[in-house]
Structure formats: C-alpha cells, structure tokens
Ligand SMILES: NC(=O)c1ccc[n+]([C@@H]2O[C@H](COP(=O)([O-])OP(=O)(O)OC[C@H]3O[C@@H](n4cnc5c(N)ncnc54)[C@H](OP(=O)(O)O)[C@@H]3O)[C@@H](O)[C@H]2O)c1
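A lone chain, given as structure tokens: the form predicted alone.
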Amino acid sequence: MSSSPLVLVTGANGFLGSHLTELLLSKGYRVRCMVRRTSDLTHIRHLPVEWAFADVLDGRGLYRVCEEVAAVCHCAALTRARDEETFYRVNAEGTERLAQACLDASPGLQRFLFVSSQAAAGPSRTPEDVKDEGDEPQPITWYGKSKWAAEKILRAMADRLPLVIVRPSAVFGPRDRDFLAYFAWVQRGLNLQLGKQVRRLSLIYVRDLVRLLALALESEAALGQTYFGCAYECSYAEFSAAVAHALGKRTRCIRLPEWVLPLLAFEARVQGWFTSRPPLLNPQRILDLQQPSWLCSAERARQELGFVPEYDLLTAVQETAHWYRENGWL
C-alpha cells in the first residue's frame, strides 16, 4: 500500500474496533472511523481519526463513508439480538450493503477485510477435533449462521472485491464485557463450571488478534483467503484458574447442572424486558455453552502470514484483570 493510506474501520468504537484503530494509527495509517451518532466513543474519542457516521442496517451515508479509502476493516457486527432475522439483516445484508458501497465509491480499493467468527464454522465434533479452513462450516447459532451467510455473500463478489476473511475464536482483553462475567465470578470467589464434562475452547487475546488483522490487511498472500484467529486452547476450568491467579483469589468450584441454564436464561430475559437490551445469557448462548468444544487451528495464519501470538495466556489474563480493576469494572 502507498504511504499513509486511508483505512475505514467499521465498529471502531467497539471492543475489537477500538484496539484495531489504535494499532493502525501506530503503524502510520490514516483511519476513518465509521460509527453511529448514538455510539459510545469513550475509547476512541481522543484519537486523531476521521469521523464518519453511517449504519449498515439502512445503508444511509455508506457511499460517502467509503469514498477514497484504500482498505476496509469491517469489524461492526451484532452479537446479541432477539431473533434470527435481526442477526441476518445486520450481519449479512448489512455487510453486503457495505461491500457494494465500497465497490461503487472506491474503485481502487485494495483490501476488504471481513472480521467473521469461529461461530460461522461451528463447534468441533469432539474435544480431539480441531477445525481448520478446509472444513465445511456448520454453524449452530443465529449469530454464526448470519456470519456464514455474510461470508458467502462476500465470496460471490470476490471477482470484484479484494477480500480477506478472518474468523476469530473467542476474544478477550481490556474493554471486553462478555468475558467480564468470568472475572466477576472469580472476584467473588466462585469458579462456576457447567456439568461434569470438560469443555475446551480456542481463545485469543485482543492485542494478538489485531496484529493478525494487520497482517491480513497488508499481506499479498492473504488476498482471497480465510484464516482462523486463535492463540490458546484451554478448558473453561483452566481459564478460570488463570483468572484466579491474576486476581489473587482462591475460588470454590461450583458445578451447575445443565438444566439450570434455561432457568437462568429466563431470569436474564425478564431483566432484558426492563432494560430493553438482549441479555448475555439466552437460549442461543446456552446452545453455544453446551458444546463439548470450540477448537480451531491458526496454522494457516502462521504459515502464510507469519502470525505468532506475542502473549501467553497468563500474561494476557493479567493485563485484562489489571485493566478491569484500574477502570472500575471489577
């Protein structure tokens, strides 16, 4: 890419988008942050970026947002919704609107980086099974199905669109609210585990993930490829132990029978009615948690992009715990 190219980052105010924006600025890129007028800009308000207000849901303003950009990092996505149709309208149809706007407004576009999800591929069949890019996706959740739909839409445009897809595994780090619940439980001395089965998952620290995204953005080898983004494999119990070590807490292991989850989800849904926000624990999230493993391989990213995680699990968890405490989230 030429010197100081302009990169559009959608969802730039979010957990992943804000970290990616910071990294791109540190690498000398000019960054245009696409956000909504109602977005919370706490994490990026101070950054030297261009502001662009648009929404993939209705498409308003997308052409103007995409003008003169050299590359697009599409991080914006809906991770919680009350129905499957809403997921599809935002994550699949919204992605199509953005890609078409890029093609119309920036004929010289050099890269369209789509941040998909491991959920698009679906869970592993067994704890010994590790998904790679050659496996046929079998998503099981509404979110995963909407991301896989978006991937297929983009691939159908690949003869015109300089596409790269990255599927991150579960992501944690500073500013993340989903994994905050694990830290909060441990802070109270609780190590909550679901049932007796050992469940394993792939994880990646957000600072490693944005490095991978930058590699996918810049590497010629990445063009037209799909990559899983992951760094560690561990059980939920091992992750909780790392959190306990980081927080200096001794915990009591409590195993919740699986039949308890629907009851907890119902309580969360009732609370959601009063707050008008989809709850974190819902039937889709329960389906996710009940799987024996969510494992994937980053071998292709290592071989083709030279991606090697810089952070070990304990260091990443310690940095996350420190940020939560320093910012009053714990």
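Each residue number is its position in the shown sequence, starting from 1. It should be emphasised that the depicted structure is a prediction, and the values quoted were computed from it without experimental measurement.
What follows is about the form predicted together with the ligand, which we do not show.
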Interface membership of V90, the ligand in the predicted bound form, 4.5 Å heavy atom rule: yes
Contact flag, L192 vs the ligand in the predicted bound form, heavy atom cut 4.5 Å: no
Interface membership of A54, the ligand in the predicted bound form, 4.5 Å heavy atom rule: yes
Residue contact check: P309 to the ligand in the predicted bound form, 4.5 Å heavy atom: no
Listed residue (I165, A76, A150, C230) with a non-hydrogen atom within 4.5 angstroms of the ligand in the predicted bound form: A76
Residue among R36, R64, R60, R30 with a heavy atom within 4.5 Å of the ligand in the predicted bound form: R36
Segment that reaches the ligand in the predicted bound form - one of 233-241, 112-120, 184-192, 219-227, heavy atoms within 4.5 Å: 112-120
Members of 147-173 lying within 4.5 angstroms of the ligand, judged by heavy atom, in the predicted bound form: K147, P168, S169, A170, V171
